[in-house]
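Below you'll find only one chain, the form predicted on its own, shown as structure tokens.
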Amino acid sequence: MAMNDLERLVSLQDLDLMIQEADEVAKLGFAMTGYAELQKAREELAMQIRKPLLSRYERLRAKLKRAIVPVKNDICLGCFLRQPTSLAARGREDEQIFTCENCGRMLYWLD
């Protein structure tokens, strides 16, 4: 099954968070294995994402820990504000990436 841009972004964010945690563990003096594999997987995945979308993700990631967050019960789980109903109906189709009007994060819907 082919991944769409939204799935790739979520996977990229997961890799970024794992890399960040590995950096923090290494700073504490613990030996880390698999760091190079994480970096390589991130680079390969980033090459599969369209450039404008990747740069948007990178800009958000620079200022927020999580650039893409789920929406549950029409509430953005980044800033915890309710999303407009019209946005929720279109967002569930996963054909377009929407942004929270309040915090600016990219959104995906959980059912």
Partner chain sequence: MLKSELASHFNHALFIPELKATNKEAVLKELLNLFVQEKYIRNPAIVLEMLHQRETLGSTGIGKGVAIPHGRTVAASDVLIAFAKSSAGIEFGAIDNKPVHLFFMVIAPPNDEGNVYLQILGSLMPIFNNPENCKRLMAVESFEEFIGIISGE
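All of these numbers come straight from a predicted model, not from anything done at the bench. Numbering follows the first chain given and starts at 1.
Another form exists, predicted together with its partner chain; not displayed. Remarks below refer to it.
Between the options 87, 22, 103, 97, the residue in contact with its partner chain in the predicted bound form by a heavy atom within 4.5 angstroms is 22. Contact check for residue 60: no non-hydrogen atom falls within 4.5 Å of its partner chain in the predicted bound form. Of the heavy atoms in residue 37, some are within 4.5 Å of its partner chain in the predicted bound form.
In the predicted bound form, residue 41 approaches its partner chain with a heavy atom inside 4.5 Å. For the chain shown alone, residue 31 is a contact residue for its partner chain in the predicted bound form, at least one non-hydrogen atom being within 4.5 angstroms.
In sequence order, 66, 68, 69, 70, 72, 77 are the residues of 61-79 having a heavy atom within 4.5 Å of its partner chain in the predicted bound form; the partner itself is omitted from this view. Figure legend: C-alpha atoms of residue 30 and residue 11, shown here, are separated by at least 3 angstroms less in the predicted bound form.
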